[in-house]
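This document starts with one chain, in the form predicted on its own, laid out as structure tokens.
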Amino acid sequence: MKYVSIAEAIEKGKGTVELRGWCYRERKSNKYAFIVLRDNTDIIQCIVEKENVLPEVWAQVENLLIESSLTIKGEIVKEPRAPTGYELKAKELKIIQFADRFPITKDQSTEFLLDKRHLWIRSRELTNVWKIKAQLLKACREFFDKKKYYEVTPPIITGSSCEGGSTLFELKYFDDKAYLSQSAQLYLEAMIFSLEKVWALTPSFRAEPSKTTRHLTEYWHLEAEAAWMNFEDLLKLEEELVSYICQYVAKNCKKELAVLGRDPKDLEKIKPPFPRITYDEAIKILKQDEISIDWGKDLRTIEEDQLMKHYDKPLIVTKYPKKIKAFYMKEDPENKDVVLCCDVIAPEGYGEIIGSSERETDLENLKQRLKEQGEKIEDYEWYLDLRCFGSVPHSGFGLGVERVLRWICKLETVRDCIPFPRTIKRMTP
């Protein structure tokens, strides 16, 4: 008989099926054994009666522990009391591997679960996170395909910074010094002069000493850049992408979202236009809410969370002070103290998910900004060349995949949005 998945067996609803997977839960008596089997599609309760199987099979069942791998054949029947509404009455069973006693039990500490991450990623909650993440990435690719963007493959090893030298991971590159990429943006800017509209999905690295629920030192960075795109068009593109992701996941991950406690209707309402305010307007709102912040300071978690108490859709905050933003962001022609940039802040207290800007095209302004930020001009000669040979207005953004996933899945920490999280104190397993 051909093996079927648990989801296929449940859909079939009756008849004889043969399944394979791992023991998710088990309990035994003198006459019966209840095995909850899991595979990548779902779980199902299997009942083994001592009288209905060979003695040697029952002996194996008695020694079965959680996470043992097995195949099981039997009759599937409807059973409302079972976890997924169906039960398999076993006729044959074969243990592929007897697992050792599983080290993860109830009420384990966060650090212990991170130490055993290679085993904890099998949990039902995290399995559903990985499924939703796969659909999220599929949505992004589909979105950019429809917009006729080209996916490109920028380097991860770089000779200069993009977001500031203080958060760079340095490495020895033969006899020279190099760094792990903070962002693919500068390379995407180079690519637009041939392809015009490009995007990339790469790991990015930030040596930030942050211990918050929003920070990772290694994360997946979805970035896009387009020639001829002005600031207004950039904001519209970001709205469309975030909405597309939400609609796609709501449609294709209803079961997985339910396990995680997210109502798909929450995501279905995420449609353009998103509310927009300037940094100056954000400061006024915060002061009215009795949150004191001086003009020129970046918005921290506490300020973002307070702002989002006023909104139930992602919020676009534009025109931050120039002195706290990266050198490549274009000055606002109407106010030289701010730049044409935006952060997109997710609702429900999940914080910033996108950073973006129109890019500075004035060569002398770029050089001056680099000097002000303590960078060596010679390290950016290749980038400055882009302004000397056919420069055009252009814009782009970077989206933190794990941050968006955390919001969609209603997760407590961004660490649970990546199989093996890297943080300030963790680089294993």
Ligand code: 4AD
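Small disclaimer: the values here were computed from a predicted structure and weren't measured. One-based numbering along the sequence shown.
Separately, the form predicted together with the ligand exists; it is not shown, and the next lines address it.
- The candidate stretches are 39-47, 54-62, 398-406, 378-386, and the one lying within 4.5 Å of the ligand in the model of the complex by heavy atoms is 398-406.
- Listed residues 136, 216, 226, 129 were compared with the ligand in the model of the complex; 216 is the one with a heavy atom within 4.5 Å.
- Between the options 256, 331, 208, 115, the residue in contact with the ligand in the model of the complex by a heavy atom within 4.5 angstroms is 208.
- With a 4.5 Å cutoff on heavy atoms, residue 314 does not count as touching the ligand in the model of the complex; it lies far away.
- In the model of the complex, no heavy atom of residue 243 sits within 4.5 Å of the ligand.
- Contact check for residue 74: no non-hydrogen atom falls within 4.5 Å of the ligand in the model of the complex.
- The ligand in the model of the complex comes within 4.5 Å of a heavy atom belonging to residue 182.
- Within 4.5 angstroms of the ligand in the model of the complex, the stretch 326-360 places a non-hydrogen atom from each of 328, 352, 353, 354, 355, 356, 359, taken in sequence order.
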